[in-house]
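There is one chain below, alone, in structure tokens, taken in the form predicted on its own.
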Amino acid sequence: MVIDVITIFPEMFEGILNNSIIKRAIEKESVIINVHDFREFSLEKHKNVDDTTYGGGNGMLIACQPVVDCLKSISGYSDAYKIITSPCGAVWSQEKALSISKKEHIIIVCGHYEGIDDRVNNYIDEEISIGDYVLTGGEIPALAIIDSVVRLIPNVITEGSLIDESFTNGLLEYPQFTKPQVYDGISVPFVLTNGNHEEIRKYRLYESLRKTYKNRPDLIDKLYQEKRIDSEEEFFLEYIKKGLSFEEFDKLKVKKPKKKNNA
């Protein structure tokens, strides 16, 4: 995959692109990331890229000329999938990250200040927001998009690590623990230490559902709307809605009722 970024603050990308998983992905040539400073394309004497807005108003607006000229200078520009970061865009999600990760070439234009001349959108495929709030620039959203996309590219990280992640199956991820078994009087749940893989599976599903129901009930509603809740999950949710943790549920020793045979 090739990712090109258009910004007036290229230095903001140096730390992230030269560390951790993204750095390793670049070294393995799983991804090529190019950062372009669109200020270099300004035709103004002092390389200004913004100006006052027609119709009046506060603040300065990024002009379309340097952005579009920078965009068109990128090799493969016409065929690339072009994104602009904007609070007006569709909200970024894991589902969207997975979709974008399958593209061969994306270009991300970083919005800034009061915005960018709307005519830039004539050269863009999609506006993207990372949440319902406003930032001073689009560099942080661009970095969030890059990070979430790169880790989904095949062979960047172990495939098994992606399976149970939050949002991958529509739920938040279950709690996880490491050594020591007891810290500051707080113990790792016994079910995770007894080696019973079926009980561990149940614990993880139950606690994943419980965390999602508590923190993001909208995700549970979405699963129901999309008919992606199975009978075991519905059974667990019955007790989760009563406020029971997995340990409390497990002590009840209740069994999932078998389906009735209508024959």
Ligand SMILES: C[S@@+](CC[C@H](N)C(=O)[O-])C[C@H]1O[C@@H](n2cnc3c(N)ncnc32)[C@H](O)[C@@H]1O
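Numbering starts at 1 and runs along the sequence shown. For clarity, every value in this text was computed on a predicted model and none was experimentally measured.
One more form of this protein exists, namely the form predicted in complex with the named molecule; it is left out here, but the text below deals with it.
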Legend entry - Listed residue that, although the named molecule is not shown, lies within 4.5 Å of it in the predicted complex (heavy atoms), from Gly115, Pro189, Pro175, Gly170: Gly115
Legend entry - Option touching the named molecule, based on a heavy atom within 4.5 Å in the predicted complex, out of Ala144, Ile157, Leu135, Ile124: Leu135
Inset, instruction - Choose one stretch from 68 to 76, 147 to 155, 85 to 93, 181 to 189: the one whose residues place a heavy atom within 4.5 angstroms of the named molecule in the predicted complex. - result: 85 to 93
Inset, instruction - Classify Ile100 as contacting or not contacting the named molecule in the predicted complex by the rule of any non-hydrogen atom within 4.5 angstroms, answering yes or no. - result: no
Legend entry - Non-hydrogen atom contact Ile106 with the named molecule in the predicted complex at 4.5 angstroms: no
Inset, instruction - May I ask you to check whether Val120 falls inside a 4.5 Å heavy atom distance of the named molecule in the predicted complex? - result: no
